[in-house]
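Only one chain is shown below, in structure tokens, and it's the form predicted alone.
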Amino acid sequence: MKNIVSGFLLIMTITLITACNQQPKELPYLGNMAMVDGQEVHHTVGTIHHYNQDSILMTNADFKDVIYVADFFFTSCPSICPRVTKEMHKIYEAVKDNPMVRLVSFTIDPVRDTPERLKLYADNLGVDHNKWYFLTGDKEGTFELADTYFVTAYEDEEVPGGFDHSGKIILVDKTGHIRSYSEGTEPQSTPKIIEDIKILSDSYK
């Protein structure tokens, strides 16, 4: 009898451990909490008011039913942008059949990166314009927006291309909260954010 009870307890323990391991992982909310109307709320990204490569105005409202991966770049960037775009393209290939996911690339050089130029850039990448948006807008407003994504972006005549910026790739949920990120200059971090995209996408099912 003692052996039966011990065996039963062992089976129950293994079952509980297995069940816990199979619980869906929940991504954290990144960034400091803020006070809004006397209540603590999670950090959210700033105001989007940009035109895409098809000259269509896009705002935060356009992303309320999707999750998206964002980066900040410019088409004439001679340094990290090509590497970051390569990682973004890997993500695009991984999620292109998931209707809940979009990709968003904000240019920090709106003077040169017009919608027409961004359209050519997107076409050269061979991507679906309704899946991966290339956005251009007010320069200073975009710098401020980048800050809310925890991305460094500013003009600097002393650096190649005239803009200093980081290569972060950021995952944002339906309510504008940042849930994960990877370093676009570190290819080894891309599989992790692809997995996080799946986790976040599955959480809405």
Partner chain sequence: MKWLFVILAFTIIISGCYDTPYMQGQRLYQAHCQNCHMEDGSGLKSLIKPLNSSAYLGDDAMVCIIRRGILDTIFNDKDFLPKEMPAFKKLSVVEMANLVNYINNKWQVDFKEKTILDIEAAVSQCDTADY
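Residue numbers count along the first chain shown, from 1. As the structure is a computational prediction, the values presented were derived from the model and not from experiment.
Just so it is clear, the following notes concern the form predicted together with its partner chain, a form of the same protein that is not shown.
Engineer: Should P82 be classed as touching its partner chain in the predicted bound form when contacts are defined as heavy atoms within 4.5 Å?
Structural biologist: Contact check for P82: yes, within 4.5 Å of its partner chain in the predicted bound form.
Engineer: Within a 4.5 Å heavy atom cut-off, is A94 in contact with its partner chain in the predicted bound form?
Structural biologist: No, A94 is distant from the partner.
Engineer: Evaluate K131 for contact with its partner chain in the predicted bound form, applying a 4.5 angstroms cut-off between non-hydrogen atoms, and reply yes or no.
Structural biologist: It does not: once its partner chain is placed as it appears in the predicted bound form, K131 has no heavy atom within 4.5 Å of it.
Engineer: Using heavy atoms and a 4.5 Å limit, would one call L125 a contact residue for its partner chain in the predicted bound form?
Structural biologist: L125: yes, in contact with its partner chain in the predicted bound form.
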